[in-house]
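One chain is shown next in structure tokens, namely the form predicted alone.
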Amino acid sequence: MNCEVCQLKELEVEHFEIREVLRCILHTIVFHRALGLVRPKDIDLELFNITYVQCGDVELEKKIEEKIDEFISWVEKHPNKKSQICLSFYEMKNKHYSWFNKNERLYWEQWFVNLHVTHPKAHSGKSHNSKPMVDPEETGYEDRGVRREALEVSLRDVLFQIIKFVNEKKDHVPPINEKAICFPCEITIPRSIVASNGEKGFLGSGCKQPL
């Protein structure tokens, strides 16, 4: 089966922005792969002037929140590192072997969400030269405001990238199961260690980090 892969634009975020950014991206992807039996729910982000749509499925929302929690925990143990979350869609196929049957996951689409989590630099009021003309704390707030605006623009770019990919890539999508809300999917986070062959992977699936 042909597995389409989408590498989303990397976003530079601070720790407190991770949850909202991931909620927005992951729910947007899942909503655009929904099967019609959904109750769309508009969600306004608190940190950004952006609204996205959820499918309105409690179990799906719970699953996404759990994976975001796992990712945040991973980030806290691996600060200042670029990271990925892999969202994979698959279908189950029953493989018939000569002596037994086995259900296998056949992945048909994978989305890689790329984040670079940074920590803001602390501003000091001391100066080795003359007294500063501008309050460093005020400058820090201004810098973060500019950075936040840039992140909002980049997040919008990612949402448009998702929509563009979904509209252009359709031939690989399997037949629709009318009883399901969404195609079967899994969300995986980076492994804590690198394999012996130097290849980075993800917890919980056969996803491998593309070069």
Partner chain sequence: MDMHGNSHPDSGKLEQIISQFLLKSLHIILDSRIPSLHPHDRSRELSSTSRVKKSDKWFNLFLGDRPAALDNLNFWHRNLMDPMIIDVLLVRQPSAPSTSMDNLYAVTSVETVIERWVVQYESLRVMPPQTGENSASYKKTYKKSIILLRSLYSHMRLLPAYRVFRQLSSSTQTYNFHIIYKVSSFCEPFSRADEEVMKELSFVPVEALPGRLSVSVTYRSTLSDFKLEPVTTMTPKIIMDYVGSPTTDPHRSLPSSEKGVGAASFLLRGKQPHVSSPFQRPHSWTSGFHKAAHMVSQPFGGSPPAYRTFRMPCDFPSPPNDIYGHRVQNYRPSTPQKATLS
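Positions refer to the first chain, counted from 1. Treat the numbers as computed from the prediction; the structure is a model and nothing was measured.
Just so it is clear, the following notes concern the form predicted together with the partner chain, a form of the same protein that is not shown.
By the criterion of a heavy atom within 4.5 Å, Ile50 is counted among the residues contacting the partner chain in the predicted complex.
Heavy atoms of Arg156 reach within 4.5 Å of the partner chain in the predicted complex, making it an interface residue. Using a 4.5 angstroms threshold between heavy atoms, Cys185 stays clear of the partner chain in the predicted complex. Taking the partner from the other structure, the partner chain in the predicted complex has no heavy atom within 4.5 Å of any heavy atom of Glu46.
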